[in-house]
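There is one chain below, alone, in structure tokens, taken in the form predicted on its own.
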């Protein structure tokens, strides 16, 4: 069931599809009982300027091919960046040699044929941008200048950069699946340094999208970077305390990623997750919903099928606070005695639904029945506590759920930001943190593949002076 996307890149996609077909035939000729392969070409441009001067201009063109062969229940994989016919034969031979040295594994097999994608959905992921190097430089310069000129306290810059990326990818297997489609991705970012007296602070902002028309303007990115940098001036340390904590939307995405890691099948079958055996259990408040949207038009991680060719589909990870699914590829699912969920390669376009606050003794006097809380409303509900806008370090133990990370942000009193804070650590346990989500805001216009607003947590420990 060969599938080909008909676009202006059809010729390149047809070439890559032919490579996959030739590779699968070569695998069969060399005795493989089953095989799967993928091939891709990635091209891009990145321009960086600092203080108006060009720092780097980099063109990239990468290509690569990977193949996995099955000889009964033995499996071997190999890869190459050479797409010539002789290199394909050698790569298949290398995978065959590796398979000869592996142990038999009853879970080493392709996905069920009925789960494979029957067509490549058009998800509006390909938007070519005719951008010259001179225009790319101008975008970066305008962005940086907008930040540098925003306030005289912006004294320096770490630079602004614009990157473009075009990717063509085809994958297939010996069950008859061959699929391919092109994608584009663009991003613009700026990092600035502010100074007041002897104090210096740094912050940044960015925008990323499948289509250039969906990017924020260069001026908006530079000004937002300046605003965030200036807001950090006058930072203080805090005394150790236990208070409510509001994770701003841009850092709340990390909490969603911890959930994704904890329900990843490969962590689960290795018994390396604090959410092992929690399928069907309530792990969030009863109003919480987190779902996957793999077919979101122009989504930054949208895909019609996963890395194994299994058709993707929207689904709830968490509904009514209950964990409804793990994230499984064919192998991890087999090890756990469950079918694949179409998540080989990860989760695609995660959405955490905003929700008003629930009634909690710790939050006496909270607004009830309020939908769509923005940042200002969340701060009012927080009352007195910490707004976190930056996280540092890797202090997360996925096995136990223990959570301890360096942080910076703002101290809040009476629902109003009082002053910035830094050099603090926030700590708790992810199990308690998930259960203690008091609200998810509607301030979710943050670029990325995870869409969520700010998370208000009932209580966490802040380690300071």
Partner chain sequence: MNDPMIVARANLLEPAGLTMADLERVLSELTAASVDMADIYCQYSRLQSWILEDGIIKDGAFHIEQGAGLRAIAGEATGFAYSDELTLPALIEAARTARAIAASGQTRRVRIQPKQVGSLYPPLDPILSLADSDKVALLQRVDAEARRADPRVREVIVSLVAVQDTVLILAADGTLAADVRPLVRLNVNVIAEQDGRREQGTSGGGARADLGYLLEGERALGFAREAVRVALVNLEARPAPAGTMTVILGPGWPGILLHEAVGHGLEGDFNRKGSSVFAGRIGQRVAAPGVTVVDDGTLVGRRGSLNVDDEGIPSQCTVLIEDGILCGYLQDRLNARLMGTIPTGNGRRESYAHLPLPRMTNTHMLAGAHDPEEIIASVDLGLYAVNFGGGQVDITSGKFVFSASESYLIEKGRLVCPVKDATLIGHGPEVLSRVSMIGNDLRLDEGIGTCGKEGQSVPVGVGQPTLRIDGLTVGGTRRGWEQRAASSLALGD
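Residue numbers count along the first chain shown, from 1. None of the values given here were measured: they were computed from a predicted structure.
The discussion below concerns the form predicted together with the partner chain, not included here.
Option touching the partner chain, based on a heavy atom within 4.5 Å in the predicted bound form, out of 315, 307, 202, 295: By the 4.5 Å criterion, the partner-contacting residue is 202.
Using a 4.5 Å cut on heavy atoms, which of 206, 326, 274, 284 is close to the partner chain in the predicted bound form? Answer to the contact question: 274.
Under a 4.5 Å heavy atom criterion, is residue 418 part of the interface with the partner chain in the predicted bound form? No, residue 418 sits far enough from the partner chain in the predicted bound form that none of its heavy atoms falls within 4.5 Å.
Is there a heavy atom of residue 392 lying 4.5 Å or less from a heavy atom of the partner chain in the predicted bound form? Yes, contact at 4.5 Å.
Indicate whether residue 214 is a 4.5 Å heavy atom neighbour of the partner chain in the predicted bound form. No, residue 214 stays farther than 4.5 Å from the partner chain in the predicted bound form.
Consider residue 270 of the chain shown here, and say whether it contacts the partner chain in the predicted bound form, taking contact as heavy atoms within 4.5 Å. Residue 270: yes, in contact with the partner chain in the predicted bound form.
When the partner chain is placed as it is in the predicted bound form, which of 52-60, 25-33, 410-418, 436-444 ends up with heavy atoms within 4.5 Å of it? Stretch 52-60 is the one.
Would 138, 219 and 333 all count as contacting the partner chain in the predicted bound form, using a 4.5 Å heavy atom cut-off? Answer is no for this spot.
Would you give me the residues of 229-267 that have any heavy atom within 4.5 Å of the partner chain in the predicted bound form, in order from first to last? Contacting residues: 232, 237, 240, 241, 242.
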